[in-house]
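In structure tokens, the next block holds one chain alone, the form predicted on its own.
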Amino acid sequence: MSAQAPVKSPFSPEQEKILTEWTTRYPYPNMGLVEALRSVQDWHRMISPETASRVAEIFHMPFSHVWGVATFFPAFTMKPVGKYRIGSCRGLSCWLAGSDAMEACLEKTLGVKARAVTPDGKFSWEPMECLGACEQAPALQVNDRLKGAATEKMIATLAEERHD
């Protein structure tokens, strides 16, 4: 009987430590799962089956539970996103305020269609359902941070940041 080589983790030792800390930060390990997945999303710009499997091991949970959480929340994606993930709200208030025009502006300015990543890996954008910011319609967010009402000028400014 031959011994199997240990499976290499998709995370660095420092990242493993952070994920492990999420298991003890709250009274129940499950309570830290979303924050752990948020960390994975930040590090890898996506949640893959491989990373979800390792999180499941760290949290002592079935893979199906971790994958179910990851695929439920729109903050997580199973496909790589840009360093700056832009979300354009498509809720009713935002749509009435011109979100479709802002999406056309994003596509033209960034040079990629929705859910695609710019060649330099810096940006991706996607339409999202309600961002809960009707008073700032058409709402735009970058990396889960609300930026306010989208304008062509705001989008142009975001695109200029690709040269920093």
Partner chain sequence: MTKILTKHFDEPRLHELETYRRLGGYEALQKARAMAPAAVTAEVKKSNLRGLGGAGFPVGMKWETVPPEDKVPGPRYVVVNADESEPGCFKDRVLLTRAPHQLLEGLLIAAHAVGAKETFIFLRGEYQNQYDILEKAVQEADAAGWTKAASISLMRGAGAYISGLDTALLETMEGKKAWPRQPPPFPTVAGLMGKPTVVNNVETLSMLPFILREGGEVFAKIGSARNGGTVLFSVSGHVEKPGVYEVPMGSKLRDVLALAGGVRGGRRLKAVIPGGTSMPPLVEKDLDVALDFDAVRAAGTFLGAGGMIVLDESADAVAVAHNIERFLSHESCGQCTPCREGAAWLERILERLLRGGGVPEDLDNLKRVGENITGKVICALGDTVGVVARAWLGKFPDDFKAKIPRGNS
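Residue numbers count along the first chain shown, from 1. Small disclaimer: the values here were computed from a predicted structure and weren't measured.
We do not show the form predicted together with its partner chain, though everything after this point is about it.
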**Complete:** its partner chain in the predicted complex has a heavy atom of only one listed residue within 4.5 Å, and of 30, 118, 48, 109 that residue is 30
**Item:** Interface residue in the predicted complex among 56, 114, 101, 34, criterion: non-hydrogen atom within 4.5 angstroms of its partner chain
**Value:** 34
**Request:** May I ask you to state whether residue 68 is within 4.5 Å of its partner chain in the predicted complex, using heavy atom distances?
**Result:** yes
**Item:** Partner proximity in the predicted complex: residue 23 to its partner chain, non-hydrogen atom cutoff 4.5 Å
**Value:** no
**Prompt:** Is residue 62 a contact residue for its partner chain in the predicted complex, using a 4.5 Å heavy atom cut-off?
**Reply:** no
**Request:** Using the partner position in the predicted complex, report whether residue 95 sits within 4.5 Å of its partner chain, counting heavy atoms only.
**Result:** yes
**Prompt:** Mind checking whether each of 38, 130 and 141 has a heavy atom within 4.5 Å of its partner chain in the predicted complex?
**Reply:** yes
**Item:** Partner contacts in the predicted complex for 49-76 (non-hydrogen atom within 4.5 angstroms of its partner chain)
**Value:** 65, 68, 69, 72, 73, 74, 75, 76
